[in-house]
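Below sits a lone chain in structure tokens, taken as the form predicted on its own.
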């Protein structure tokens, strides 16, 4: 499983980059809006520096194929050809994905709510497919079944596409996406925080520390070594 962070908050990215085995950062216009009025490309360049070899996924905002292609080129011109261009899978977007892949551009097909959207994106050569897990659940769509079907299609066609599961409300949804074979996931910092917020985790750490100190009267292994010199 590849883990990506769904935010452009610099502080959060720096923090989780030091903790998690991150392979990339994803964004969309709604996420960008949360950061307020920023120098967008300067901000994204800073993120690229932080994540190093990790992938950065940036979404177009145009609605026609021509507008999408123009947006994509502007993003590539500013940030480099290693950027993944996020394109919604509708008629205009699918046409743009085809053209972008013909030029060798990295593409993340997004706003996927159905198997057929995913099948079309796979056939068009998208590098990543981003099905919206929680949004599908809210529409009474079986998100786990969609992911299962897309993973099966990728395997059946020997495609290089990967399922990048997105739009999570809780860790349970992430676990289910993983069980269904998603190759990657992207989640907000809040989701990753949930992973470590279980009180039992800290309780175990605290109890181990107390037992260690009660046995050796030192706080860590290094201190034990120093005391024996």
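These numbers were taken from a predicted model, which means no experiment stands behind them. Positions refer to the first chain, counted from 1.
Separately, the form predicted together with a small molecule exists; it is not shown, and the next lines address it.
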| request: Within 4.5 Å of the small molecule in the predicted bound form, counting heavy atoms only, one of 197-205, 163-171, 41-49, 61-69 shows up; tell me which. | output: 163-171
| request: Indicate whether residue 28 is a 4.5 Å heavy atom neighbour of the small molecule in the predicted bound form. | output: yes
| said: If we define contact as a non-hydrogen atom of the residue within 4.5 angstroms of the partner, is residue 135 a contact of the small molecule in the predicted bound form? | reply: yes
